[in-house]
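Okay, so we've got a single protein chain in two different forms coming up as structure tokens, structure 1 first and structure 2 after it.
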Structure 1
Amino acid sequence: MKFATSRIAAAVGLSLTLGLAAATVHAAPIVVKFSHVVAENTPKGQGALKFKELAEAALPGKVEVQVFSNSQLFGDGKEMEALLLGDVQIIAPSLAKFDRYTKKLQIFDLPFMFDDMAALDRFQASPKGQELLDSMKSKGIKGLAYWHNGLKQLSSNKDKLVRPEDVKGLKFRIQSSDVLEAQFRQLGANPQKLAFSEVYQALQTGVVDGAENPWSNIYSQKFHEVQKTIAITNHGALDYMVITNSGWWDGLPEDVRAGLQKAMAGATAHANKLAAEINDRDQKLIAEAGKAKIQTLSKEDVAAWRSALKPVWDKFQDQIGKDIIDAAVASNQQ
């Protein structure tokens, strides 16, 4: 009898121990690793820190957001694999890097697709734009938000950069994107795929003659010091999609998922406002530096660029989807 009683007591004790252990495990915060490849003082870097601040404030004790900037955790080439393996929970790659997962996001690389950032915002907030956030779910990728960098300007080491014929035969650095490659080939220029870290030296030594970048990239990387001319073309957008592992996201408790989504909305507004402010500031700083001539294009000049590049739309229409292109065009008309 004593033996039976002692066994029951031991079982109760074990049960209590396991219960306490389970409670401790349950109480441990969910760790969210947010990895990115840029500096903390960029719009993306500040957006990530704002997300940490808002998420931990909304879900005290339930989540811990760890931000890793400057490729501390994973570099450009490894971050997607890390996300899919569950080694990191959130990343924010450039939209140009998704064409191996879906061709639909090539909409953002089409030249002169959006008249301005307001049109881009309208499209991204539209039903079609929001659908694109889920366009890679079958590959295990869930889009959470769009973050801005800015509209791209064209730069070169030549004195004249006004009409499409001015870039014929020149070498331009591009991101790894079929649309961007087609864009420069359509102009009779030679696209060269280079890592972002290699661009300054390539421009300085003449390995490439020019590039396309938002003002913030041009200024922060000092591209204006090794280019003669920057034309205000606003011919394309350089944006990011903040993404997560869809399996991980769907497996979160409902209240945690809702809290993280709300924090992401706040971080997105913060990052996008900052991107606009930084691009305006950096355009002025480049002008004040006086090292590269900033060229303003007339309506006729812009029309010539648009006309020269329109065949690129036709080339990728079937891959992207006419419905998506039509929705993007409609965003310019509001």
Structure 2
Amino acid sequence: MKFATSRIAAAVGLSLTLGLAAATVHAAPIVVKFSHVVAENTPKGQGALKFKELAEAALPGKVEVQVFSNSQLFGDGKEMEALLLGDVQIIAPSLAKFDRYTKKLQIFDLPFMFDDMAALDRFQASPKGQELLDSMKSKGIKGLAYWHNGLKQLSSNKDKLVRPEDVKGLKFRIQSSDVLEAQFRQLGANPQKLAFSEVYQALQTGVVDGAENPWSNIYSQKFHEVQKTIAITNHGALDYMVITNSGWWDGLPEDVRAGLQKAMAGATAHANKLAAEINDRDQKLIAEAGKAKIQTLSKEDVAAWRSALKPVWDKFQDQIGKDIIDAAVASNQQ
């Protein structure tokens, strides 16, 4: 009898423990993994940290945002697959990395498409730009926001980098974009698609001669230490689309989705405000470091790059859509 009572007590105890465990499991916060490939002291790195801060403040105990920088969790090539498999919930690839999913976003890679970041910002905010956030809907990808980095600068391991003919025959690392591939082919150079995490070593060992990136990426990855010249070409943009898995997003409780959306709006404003500051700061730091020469270009030099690269637009017009190109061109006029 005594034995039976103690067994019942043990069983009750066990079920209480299991009940508590179940309650604990139930109350566990929703984990939102946000993975990216750049350093924390970049516009995207800062935006991701701001999103964590705002989301956790808005939804205390309900969400936990885990940020993974520098390709720690997933690098290029793997992160999109991981998002679709549900292994990560938010990523923010550069707009150059979507051409397997939609051709429309190739608009952002066309050389000299946007006169400056203000024009790019106007296009992203326009009805056409906002429509593009949904351009991968059928693939299960939802665009939450655009985040700025900045205009790209061309760098190489040669002393001379002033005119288009200076890159003839050189090997350039590119992001996984067919437009960027065409851009370098147009110049008679040899493009090579490489993941961001492999660029430093490729430049250092001479696997490639040059690359293109905004100042913030060049500085934070120390590319200026393994390049001889960085020309201020501003020949293209490098911005991001922050994306999520639409199935996951739609399945979130209403209040959590609203809280995350608000946090994303705050993080977007923060990252976009910081982007220009960080790029200016990093250009100065690169100049101070004195490892790579910063080459300024005359108006005539820039015009030569512009006209050398213009044929790339025609190659992609049908894939992108003339309506989108026209809207982007219009964003250059205020």
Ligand code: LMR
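We call the rigid core whatever largest set of C-alpha positions still superposes within 1.5 Å between the two forms. Everything quoted here is computed from the prediction, not taken from an experiment. Counting starts at 1 with the first residue of structure 1 and goes up one by one along its sequence.
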{"item": "Number of the structure representing the form predicted together with the named molecule", "value": "2"}
{"item": "Core fit, then Lys50 C-alpha moves 2 Å or more between the two structures", "value": "yes"}
{"item": "Yes/no, Asp109 Cα shift of 2 Å or more between the two structures with rigid core fixed", "value": "no"}
{"item": "After fitting the core, Val38 CA displacement of 2 Å or more between the two structures", "value": "yes"}
{"item": "Per-residue CA shift, Lys78 (Å; core superposed between the two structures)", "value": "3.5"}
